[in-house]
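In the form predicted on its own, a lone chain appears below as structure tokens.
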């Protein structure tokens, strides 16, 4: 009987710790998520509330919306930069995994962009990309340019991608450094005894053992890329034309510029479905073999 009372007391203490956090999560995450799904089936104005049931009309409209489809094309283009970002992070990790004087200093230098605010980074790079900005000034010394980095539809998205790689490669570097530290040194000693070259050691030992880390970074990177917003919103406003508009920016415009909350909610769920499908495909296709 005493044991039963003790278990009940422990369960009560456990629920007492969990319930406040669960309550906050349910209030600020679960409830808004379900409520936005409910809104997506209505014509819903920001101030007027529900203005009539429309069923799947908002979803059908999203799939026929040229601007939304263009924004999806842009964000898929942007997501293709994730492997490049991983490659930069891996190269930095391999270089900074070696023992040399000042290693921690350079690790800090390459990680600092990641802890910088996206707003600050985008503002600084917007200045760098100006026709009279630092990048065009430096290229001018070699007789190249100037270029309209953010004003040319062909260069705008690559310019945003370059800035994003600079901003995020430090995170990938740190994760890869942790993964490299977990590889047993005995593998490298055995490869050295067998006379394996540096490339062969990297290809047959380092790269396979980093596969779970690469999968994690790829999935997280693609999810993050599909939620692109701050960089084009600040640097180009989605332009020139619609060359860099992202789905999240279009959702934001429909919600808070056109006050069409029902349609914005439907757009959000279409984007969520695409991200979920991409994540499942990546985990299925790229899952390391046992």
Partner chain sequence: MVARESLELVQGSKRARRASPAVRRTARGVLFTGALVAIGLAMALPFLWMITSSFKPMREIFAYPPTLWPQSPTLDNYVTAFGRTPVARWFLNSAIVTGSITLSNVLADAMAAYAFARLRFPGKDVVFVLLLVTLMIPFHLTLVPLFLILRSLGLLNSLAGVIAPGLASILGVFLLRGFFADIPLELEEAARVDGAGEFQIFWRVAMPLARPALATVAIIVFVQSWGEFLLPLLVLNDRSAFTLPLGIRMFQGEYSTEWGQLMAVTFLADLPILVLFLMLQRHFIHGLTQGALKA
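Residue numbers count along the first chain shown, from 1. We call the rigid core whatever largest set of C-alpha positions still superposes within 1.5 Å between the two forms. All of these numbers come straight from a predicted model, not from anything done at the bench.
Below, we turn to the form predicted together with the partner chain, even though it does not appear here.
J.: Using heavy atoms only and a 4.5 Å cut-off, determine which of 144, 181, 80, 112 is in contact with the partner chain in the model of the complex.
T.: Looking at the other structure, the residue within range turns out to be 112.
J.: Which residue, 134, 209, 219, 148, has a heavy atom that falls within 4.5 Å of the partner chain in the model of the complex?
T.: Comparing distances to the partner chain in the model of the complex, the residue within 4.5 Å is 134.
J.: Look up in the model of the complex whether residue 76 has a non-hydrogen atom within 4.5 angstroms of the partner chain, and give yes or no.
T.: No, no contact at 4.5 Å.
J.: Just to confirm, residue 154 within 4.5 Å of the partner chain in the model of the complex by heavy atoms?
T.: No, no contact at 4.5 Å.
J.: Give a yes or no for residue 30: in the model of the complex, does one of its heavy atoms lie within 4.5 Å of a heavy atom belonging to the partner chain?
T.: Flag for residue 30 set to yes.
J.: If we define contact as a non-hydrogen atom of the residue within 4.5 angstroms of the partner, is residue 128 a contact of the partner chain in the model of the complex?
T.: Answer yes; at least one heavy atom of residue 128 falls within 4.5 Å of the partner chain in the model of the complex.
J.: Would you mind checking 226 to 252 for residues with a heavy atom within 4.5 Å of the partner chain in the model of the complex?
T.: In sequence order, 227, 229, 230, 233, 234, 248, 251, 252 come within 4.5 Å of the partner.
J.: After superposing the rigid core, is the C-alpha displacement of residue 280 2 Å or more between this form and the one not shown?
T.: False for residue 280: its C-alpha shift is below 2 Å.
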